[in-house]
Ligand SMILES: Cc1ncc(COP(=O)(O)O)c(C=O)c1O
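Shown next as structure tokens: one chain only, the form predicted alone.
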């Protein structure tokens, strides 16, 4: 009788602790479910992803032609790790023209493949494992960068009373132990902005803490300031930045910026950062090691386009008018629904491409007898009954009980907005307390 020889067991596939616990984008997950419905032939009004329908909002024609020309001239090899010099110079000139910010193109500006590598490299350059990072909720993706860098999060709950912008008094109890404060204005997901006093008080708090740390030889508090939407601000609003407000903030501020939003160029992948040259140099090394450069042809084209400020200004004027028209029409629509007695509301748009809407529907029953229990169930109800897709604030770190949602207008057609509002009206009429 033969003896059975047991085969040795191969090791199971295991990944790192970071990868094991890293979750995908909640926003993209929701958008994926919506796109699956669209693929199956359903008519869905999709206002989820912070992107543009390029058939509604195309690239500036001059920029598109410049990109094609750059490829025709074989600009297809590796760019410098900190970006094509001509683009860094153009960015430097453009920043001064639009913000009165002065940064050297030689060592204080870096180019990357959009804003995400900029944010990641800033986290990596400034944060050691276990360091504290403070950011407001709701906010975009900070929780994921915390996971990627093994940092510890301090989440500050922002409120509708302050247009979902964090205040200095929210930050002050934690200022003694944070290494990085991550802020965005105009804010994603809310489209709201810092007032002069709001940002002034936060910068003053950071500087006071850094005077204390300077006397003790400690690592300072840094500010990651995402202003990628700063050129998409509307009448009656003003964008403020920390360095123009307080020159002393220059060494402690790392900016996040780029063309993705203000040129409707999310897929072109050209972003940049400005900051202290020692920090920018380390970010350059990180971006270089992961190969997160913007394509060279696009860099060459953007350099040429930014240097033609009249073209940029002309494009921005039309673009902002079109965005604001959509935001305002939705705002009026939600205001009308509120006046009709439905439990909805909205915050008047200030900037970016987002409208913040309130749907106080939890606890209500559908025509099928189901009870809406949280923002996810509200989201799915509106998707199924009104064919309208919004993103709940829980996708940005807020509580699942939050009644607030983001509506992105990058895919909105003006002539369809009345139908969207009416579909919402019909869905709301079917609910019972």
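Numbering follows the first chain given and starts at 1. Values in this document were obtained by computation on a predicted structure and should not be read as measured data.
Another form exists, predicted in complex with the named molecule; not displayed. Remarks below refer to it.
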{"query": "Within 4.5 Å of the named molecule in the predicted bound form, all of 184, 260 and 354 (non-hydrogen atom)", "finding": "yes"}
{"query": "Among the candidates 202, 301, 294, 228, the residue which, in the predicted bound form, approaches the named molecule to within 4.5 Å (heavy atoms)", "finding": "228"}
{"query": "Single option in 115, 287, 254, 306 placed near the named molecule in the predicted bound form, where near means a heavy atom within 4.5 Å", "finding": "115"}
{"query": "Answer range among 238-246, 214-222, 260-268, 91-99 for contact with the named molecule, defined in the predicted bound form as heavy atoms within 4.5 Å", "finding": "260-268"}
{"query": "Contact label in the predicted bound form: residue 188 to the named molecule, heavy atom within 4.5 Å", "finding": "yes"}
{"query": "Contact of residue 119 with the named molecule in the predicted bound form (heavy atom, 4.5 Å)", "finding": "yes"}
{"query": "In the predicted bound form, residue 331 touching the named molecule (heavy atom, 4.5 Å)", "finding": "no"}
{"query": "Residue contact check: residue 140 to the named molecule in the predicted bound form, 4.5 Å heavy atom", "finding": "yes"}
